[in-house]
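A single chain comes next, written as structure tokens; it is the form predicted alone.
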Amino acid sequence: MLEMIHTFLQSMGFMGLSGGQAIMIGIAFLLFYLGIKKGFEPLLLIPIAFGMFLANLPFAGMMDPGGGSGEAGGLLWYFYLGNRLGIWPPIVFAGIGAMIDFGPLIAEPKSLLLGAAAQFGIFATFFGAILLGFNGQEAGAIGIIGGASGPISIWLANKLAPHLLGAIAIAAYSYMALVPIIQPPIMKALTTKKERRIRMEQLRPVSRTEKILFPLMVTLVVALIVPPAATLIGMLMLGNLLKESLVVERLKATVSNALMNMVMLFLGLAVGACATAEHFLTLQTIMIIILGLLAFAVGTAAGVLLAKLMNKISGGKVNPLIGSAGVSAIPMSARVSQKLGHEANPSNFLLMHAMGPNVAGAIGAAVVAGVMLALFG
């Protein structure tokens, strides 16, 4: 009887809780606080935090891979395989495509330039990672954090540096959730109040034909120039075609709602599950977190500065705030542009103007990911 009691006591999680696991559980609770109390992208942070919480519980075996003789692994391991095999990110991209409107980008093609400018954050971070001792593959995977797209970051990290997946995914999604905190100080520092008050002209109407042709042409052009980007761009544009065709409403509704929400839950849990103490609490992780912040800062600054230049060239018709939306992070960064513009001028409505660079940034990040894969894959 005493032996049974001793065995039970030894099997209790309290007996195996390490200092690292305690720290990770504390970080998970911080993310719960930010998601629930502060409302910072709870759809992202809560699943990620819970996956981190579960994966760091001692003896729970949530990330056990199982055995080769048919022995079942931990539940989170199978969610993680969806990321590892590159399944969840493209499905999420299809859902994003089914929800967003490319109309503002089609109506104002120069928004592509703002989306491209924001990708400077990726390349600045890439070279920063090289200087810190990461190899080309690792630097490429880290740099893509600047694309402000969690699915892209996960997809590329799996291809180039799967051992860094946890740190890269946590950094990407955490900074996406913190866009309302990170971007405003940079935007205010680089613009004057007069510039923030600029009202932009209403965008021209976009025809249904244009909206249908756009996803097809973008997929064709990108796939012919950067074939490795075809997976992400193709799924993004598939989702958008389902939306704009107006003849498959059930498919569009499923992809953008039920399927999207389900996969986001699995993806979030899998991302959090990668952040175990032994893999996350390292010097590399600290460097990745710092580089991720650099990526967002440089991307935001580059977009705003190019928008300032466009404002000068246009004779004062472009509000520089919309340039920050080029970092993607759909639609959070566009909302930040709208919020700051409205604060400076209550009659300002910049959301649709900011959505052009916003969706252009998503396309740009996917293309750059394809370039990184072509170079280092």
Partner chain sequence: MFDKFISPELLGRMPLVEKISASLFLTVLGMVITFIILAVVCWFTILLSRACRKKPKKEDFATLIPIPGPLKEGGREDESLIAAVISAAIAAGRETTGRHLRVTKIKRTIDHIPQWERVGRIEQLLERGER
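Definition used throughout: the rigid core is the maximal C-alpha set that superposes within 1.5 Å between two forms. Positions refer to the first chain, counted from 1. Everything quoted here is computed from the prediction, not taken from an experiment.
One more form of this protein, predicted together with the partner chain, exists but is not displayed; see below.
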With a cut-off of 4.5 Å between heavy atoms, is G115 one of the residues that contacts the partner chain in the model of the complex? yes
Test of understanding: in the model of the complex, would Q202 fall inside 4.5 Å of the partner chain by heavy atoms? yes
Would E195 count as touching the partner chain in the model of the complex under a 4.5 Å heavy atom rule? no
Should I225 be counted as a contact of the partner chain in the model of the complex, where contact means heavy atoms within 4.5 Å? yes
Quick one: find which of 278-286, 133-141, 150-158, 74-82 has residues within 4.5 Å of the partner chain in the model of the complex by heavy atom distance. 133-141
Listed residue that, although the partner chain is not shown, lies within 4.5 Å of it in the model of the complex (heavy atoms), from M352, I46, M62, L340: M352
Would you kindly say which of L213, L246, A189, I290 lies with a heavy atom within 4.5 Å of the partner chain in the model of the complex? L213
Every residue in I87, F93 and L238 with a non-hydrogen atom within 4.5 Å of the partner chain in the model of the complex? no
Residues in 87-121 with any heavy atom within 4.5 Å of the partner chain in the model of the complex: D101, P104, I106, P109, K110, L112, L113, G115, A116, A117, Q119, F120
If we fit on the core, is the Cα of A344 displaced 2 Å or more between the shown form and the other one? yes
Please check if M99 moves between the shown form and the other one, taking a CA shift of 2 Å or more relative to the superposed core as movement. no
With both forms fitted on the core, check whether the Cα of M310 differs by 2 Å or more between the shown form and the other one. yes
